[in-house]
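Before any questions on binding or motion, here is one chain by itself as structure tokens, the form predicted alone.
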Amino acid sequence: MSNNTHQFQTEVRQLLDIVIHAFYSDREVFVRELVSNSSDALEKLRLKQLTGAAIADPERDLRVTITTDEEARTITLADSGIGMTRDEVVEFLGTIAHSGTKKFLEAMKETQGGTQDLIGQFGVGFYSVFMAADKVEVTTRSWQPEATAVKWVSDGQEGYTLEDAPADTPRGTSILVHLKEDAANFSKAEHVRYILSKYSNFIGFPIDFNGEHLNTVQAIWMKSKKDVTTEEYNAFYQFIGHTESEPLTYMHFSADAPIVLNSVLFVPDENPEAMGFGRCEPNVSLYCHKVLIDSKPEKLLPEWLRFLTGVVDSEDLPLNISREMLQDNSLLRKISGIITKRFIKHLEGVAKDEAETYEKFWAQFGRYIKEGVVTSWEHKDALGKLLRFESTFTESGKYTSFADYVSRMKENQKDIYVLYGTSRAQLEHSPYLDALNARGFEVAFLTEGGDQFVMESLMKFDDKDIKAIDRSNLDLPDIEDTAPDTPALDEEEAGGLSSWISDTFKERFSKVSTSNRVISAPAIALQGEHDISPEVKAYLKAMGQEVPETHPEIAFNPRNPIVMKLAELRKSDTELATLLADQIINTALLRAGMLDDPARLADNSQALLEKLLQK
């Protein structure tokens, strides 16, 4: 039995020191690295078997075996994979990062010690074991029948020894880790079980841990959809989601180009944020070859998809040695874009083919879609198709889409009309609807906080502008006068009334007029083209920011009896006319959500009543 002692070169010792002290933020990842290496070795042997090559120990099962010994303070990780010859041991273990050590160290100097963008190009993951080890013994036998077994031993300091191993050493590799005193917890069964279940639960080969088969849940995302049953999807969701419920819907997606991706994403049956648990954390994990890279990767998916639970696996990921940070963030953005587009397509399919399921989805998660419209500019048009709302053409509690809205538009209708408020009941009594109803135009009811931000972000749907009907710049087509004999202010009287109100309430309004926009109410208040909405004003107030002064427009109804009476009173009883005009204006502002001080309406009502009782 030959024995050779080898010294590490100075630069190799420097690199090993970096691996041990700088690469990893958590010691536990060395277990993940060694299990991942075992899985790779088993996969390589499986491919050799498929070629029909002669293999040592052909009857030996493919598996990973892990044992802990708390008394001896050791952990052993073994596999029955492809193994290594003596030359391969020297090449892969004897010279750390043999192909690029100098380049790596030079790059380290250039980046002033920054490792995160450099790690992963040099294949040194095995050496993470020395974060926890005093000494490591690697015993290996190659798959080649004539190869002899080899034993490699190192303390990670000055060098290593290499000697022949016993002739009866089985095919594969066994790594015996003698743990440092402060790393003794890695010899404790429960701690190692936790690490294995966290990182290596979906390895494609059996993991035997202290005599127990550990990884019983399959990585269904790597299977073809036709080979996975609904029961298996539900069971997998319950496992990764730590729940007993079933998902509302799920997407199983695979792609070969431009990036190799395999993914399963689940929509929970309930919105966790609506249950009082606060803002939910992303629950889509990132894997590479079924090995966990990050359970909560930042920017894997956009923030508005944080309600999803699932797995994304890509073999194209360039990883650093710790697998804790992706080298190429642009690749992560590409993955995010591909998955996001496919999930939006999935929801479109659910909306089309499973209307009842989509209704449940919208009730629970509709606000996330709205958040996406506001925050994901590149996806806003696609997300606009998923929006749902009630309208003047739907029954109470029934929702419609912009696509259906557009399909019902009148020939002379060029825009999509929306109205914001707190409830359908409130909006149904809005005076703004009169002009739209008279023309047979549908109006979407938007009753949730933030809806105005959503519509202002969306702006258009199917090349149709989205316009709020409480804005002064609304351009409506003329309609035939259905009551030509109804008394109304003539042009001179209307102009005189508008001028008098403008003079009486100086600088309060940007414009006062009579308009065909008002049909039943005495007057309506309209937001100026550049005024901020009541919703935005409330938001600014809540944030403690300065609220810019607004000057709405007031449009009077020239056919309304109260307005006609006001036109007479302004000439005969200015005091009463002023009180009446103020009452009409404040009521219009209140209905529009623009009355900053409701007490003004109450005070004026009392003064008006007192004046009338004096008559």
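Numbers for residues come from their place in the sequence shown, where the first is 1. The structure presented is a predicted model; accordingly, all values stated were derived computationally and were not measured. Superpose the two forms; the largest set of C-alphas matching within 1.5 Å is the rigid core.
Keep in mind the form predicted together with a small molecule is missing from the figure; the text below concerns it.
This chain lacks the partner; the member of F307, F389, Y160, F126 within 4.5 angstroms of the small molecule in the predicted bound form by a non-hydrogen atom is F126. The single contact residue among W377, Y194, F92, F239, judged by any heavy atom lying within 4.5 Å of the small molecule in the predicted bound form, is F92. Residues within 4.5 angstroms of the small molecule in the predicted bound form, judged by any non-hydrogen atom, belong to 34-42 and to none of the other stretches in 34-42, 566-574, 57-65, 550-558. Heavy atoms of M84 reach within 4.5 Å of the small molecule in the predicted bound form, making it an interface residue. Contact annotation for S263: none of its heavy atoms lies within 4.5 Å of the small molecule in the predicted bound form. With a 4.5 Å cutoff on heavy atoms, T173 counts as touching the small molecule in the predicted bound form.
Fitting the two forms on the rigid core leaves the C-alpha of F365 displaced by under 2 angstroms between this form and the one not shown. The Cα shift for E553 between this form and the one not shown, taken after rigid core superposition, is smaller than 2 angstroms. Taking the rigid core as fixed, one finds a CA shift for I175 of 2 Å or more between this form and the one not shown. A shift of at least 3 angstroms pushes the Cα atoms of E33 and S336 further from each other in the predicted bound form than in the displayed structure.
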